[in-house]
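To begin, one chain is listed below as structure tokens, in the form predicted on its own.
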Amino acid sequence: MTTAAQRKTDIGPPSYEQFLPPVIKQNYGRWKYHEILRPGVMVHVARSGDKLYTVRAASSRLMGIERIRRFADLADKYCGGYLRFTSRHNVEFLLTDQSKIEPLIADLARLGHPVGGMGNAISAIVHTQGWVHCHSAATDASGVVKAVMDDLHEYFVERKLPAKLRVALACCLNMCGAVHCSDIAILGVHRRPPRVQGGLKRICEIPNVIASCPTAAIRPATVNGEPTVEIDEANCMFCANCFSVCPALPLADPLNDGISIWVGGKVSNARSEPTFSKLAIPFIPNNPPRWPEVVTSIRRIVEVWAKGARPFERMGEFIERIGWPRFFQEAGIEFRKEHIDDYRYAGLSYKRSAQLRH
């Protein structure tokens, strides 16, 4: 009786195990502890006594092939070819030889990549496409992130913040940058409803367009005997979701598109429950290429938190402790009508955590 040949297929991702460094394979699930040795350098110690050193360097989200090849060359030179990219666009080099850490850091410095972002520091900003590629962007992503991180560089290469700081950017309200759970969220906002262009019926499927609106602001209509849609501006929240399914509903406006700043979100369950970010600054105009107003606002928020927070107190925990009015006062933020939460479905998101208080 012959055995059937093993079926081979290219469907699905390959097993992650084949990409693990040997020291991780040998000690998988048997790590004793880890600690940060210096900004951007961490060691994991296994029960066997083996040590794995991690060197984290800042990296951009969008890179050319030459930059990636240089990273690969450094990995071949110092790490046996092993590196990884984190979810926040940092690049981490995995070493077993401690003597190679300083030469690796020196080579990274020559390439212009600072080492840091671990522990009580700001990590690299996770962000979306922005004007580079996103079809519904209200602001740029890469340009804003570059300007902000240039200004906050000291908080990346040093560990002098009260706790870790996570910043994210999404270039429109669709929030594909996970800004809703970040200490500081930079969110591109449209402020005008979409414009219904002629010939919509020939370009888009009207039922899909209507269904795409989360606030029921789009309704079927007939203009000059042709089926189309109309926009209820009072219900529109400018999220660009309709434009995602129908290019005949553009809403980009260079005079009214800009940036809002949100604060206080986190994913962690440590000390307090996970929270969504809340609105701090409703609107800042786009001012490329360096966005000075955005940079100044974020610097001010970070410094207020860094000065007043207790050890290991995240941004949102600090604000809840001192109160939002005092935070607004210290950060120089003006209270405006946009801060009033009148979203009709807000009640659906109230207190859904497993952490309950009497």
Partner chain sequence: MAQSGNNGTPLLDELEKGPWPSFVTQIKEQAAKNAMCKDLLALLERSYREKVGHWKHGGIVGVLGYGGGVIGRYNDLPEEYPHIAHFHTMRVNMPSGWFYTSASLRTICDIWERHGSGLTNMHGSTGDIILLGTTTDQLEPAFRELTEAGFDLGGSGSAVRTPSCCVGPARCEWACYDTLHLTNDLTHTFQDELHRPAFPYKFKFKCSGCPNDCVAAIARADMSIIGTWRDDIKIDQAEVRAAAQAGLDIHRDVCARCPTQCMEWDGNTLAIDDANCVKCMHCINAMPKALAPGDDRGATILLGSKAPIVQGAQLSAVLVPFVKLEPPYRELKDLVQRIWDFWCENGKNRERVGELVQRVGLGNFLEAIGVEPLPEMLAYPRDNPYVFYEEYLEAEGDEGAAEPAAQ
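Residue numbers count along the first chain shown, from 1. As the structure is a prediction and not an experimental result, all values here were calculated from the model. Rigid core (definition): largest C-alpha set, two forms, superposition within 1.5 Å.
Quick note: we don't show the form predicted together with its partner chain, though the next part is all about it.
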58, 295, 41, 331 - the one with a heavy atom within 4.5 Å of its partner chain in the predicted complex: 58
Since exactly one of 158, 230, 97, 76 fits, which has a heavy atom within 4.5 Å of its partner chain in the predicted complex? 76
Contact with its partner chain in the predicted complex for residue 140, defined as at least one heavy atom pair within 4.5 Å: yes or no? yes
Is residue 236 close enough to its partner chain in the predicted complex to count, meaning some heavy atom within 4.5 Å? no
Hey, in the predicted complex, does residue 291 get a heavy atom within 4.5 angstroms of its partner chain? yes
Touches its partner chain in the predicted complex: residue 271 (any heavy atom, 4.5 Å): yes
34, 63 and 84 - do all three of these have some heavy atom no more than 4.5 Å from its partner chain in the predicted complex? yes
Taking heavy atoms and a 4.5 Å limit, what residues of 179 to 203 are near its partner chain in the predicted complex? 180, 181
How about residue 216 - superposed on the rigid core, does its CA move between this form and the one not shown by 2 Å or more? yes
